[in-house]
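There is one chain below, alone, in structure tokens, taken in the form predicted on its own.
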């Protein structure tokens, strides 16, 4: 008899959800496990999930268990093992009669959503549930949700894997190699234009990428800013935000958490800082992570940061501290 797992996905009727959800049940993400899906949407569009459920049934996925869809997050959260919190209010839309343009407004609006979701996850979710926040501003949304959940046994993360994947792709093209050859591609800090893609600790053939790419101008003027601004570039090019690549990054994060990390690698996500690398406690910061053979997710603590890397990380940390201050009434 197969093992079973329950996965909750919010924003399930959106573009990311459409790319993400079928791949949760194709046998690659969770292996030979029966996946019970609980799909969540706002009341105005929850009915659209009936069509998605039909498509999932029609696709004949042997690992598909039950499919539920609802606008009641607390019901969906009951007994769930994984939460993929994709849904959030994006910048640029009209919300309650006001166009949301300022990051501070975005933080407050989404913050309220994640307070409610966090409380439900803490109360109804599996005691050892893992939670990945995809909806932006992801780091601070995750901080708010984690605080509201008030359950230290649950693991809250914000997604930086998309930034890591983008960085790997750029480095692989520069070095004329396959993306799988780039190891330890760490994203430090916030999932925002202040993030720091760490090319110095990234490896190819056990050599630092910094030693393999002698073109420092390319690093400073192309690689770092293009990783930081790639999301905007995608929006400018296709008229919509990243969907397929964001879904793939969420799946990559789940797979990294479900499987022990090899000794020559790590993965990137933002987790609650405990003071590692002198990052202040109490923010969700991008770190190098590993999954232990027993399934624990831990910060890798033995890496060295150059003065340049430290300076860039500090800029992102300052932004995270500022965001925390902006939502202090929700914490």
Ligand code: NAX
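Numbering follows the first chain given and starts at 1. Since the structure is predicted, the reported quantities are computational estimates derived from the model, not experimental observations.
The protein also exists as the form predicted together with this ligand; that form is not presented, and the subsequent description refers to it.
Among 147 to 155, 109 to 117, 212 to 220, 251 to 259, mark the stretch whose residues have heavy atoms within 4.5 Å of this ligand in the predicted bound form.
Only one stretch qualifies here: 109 to 117.
Of 201, 165, 228, 136, which one comes within 4.5 Å of this ligand in the predicted bound form, counting heavy atoms only?
Flagged contact: 136.
Check each of 142, 76, 187, 159 and return the one that places a heavy atom within 4.5 angstroms of this ligand in the predicted bound form.
Checked against the cut-off, the match is 159.
Is there a heavy atom of residue 129 lying 4.5 Å or less from a heavy atom of this ligand in the predicted bound form?
Answer no; every heavy atom of residue 129 is more than 4.5 Å from this ligand in the predicted bound form.
Even though this ligand is not shown here, does residue 89 get within 4.5 Å of it in the predicted bound form, heavy atoms only?
Taking the distances in the predicted bound form, the answer for residue 89 is yes, it comes within 4.5 Å of this ligand.
Check whether residue 169 has any heavy atom within 4.5 Å of a heavy atom of this ligand in the predicted bound form, and answer yes or no.
No, no contact at 4.5 Å.
Could you confirm whether residue 80 comes within 4.5 Å of this ligand in the predicted bound form, counting heavy atoms only?
So residue 80 does not count as contacting this ligand.
Check for me whether this ligand, as it appears in the predicted bound form, comes within 4.5 angstroms of all of 194, 316 and 320 - heavy atoms only.
Answer is no for this spot.
What residues of 221 to 246, in sequence order, lie within 4.5 Å of this ligand in the predicted bound form by heavy atom?
Those in contact are 241, 242, 246.
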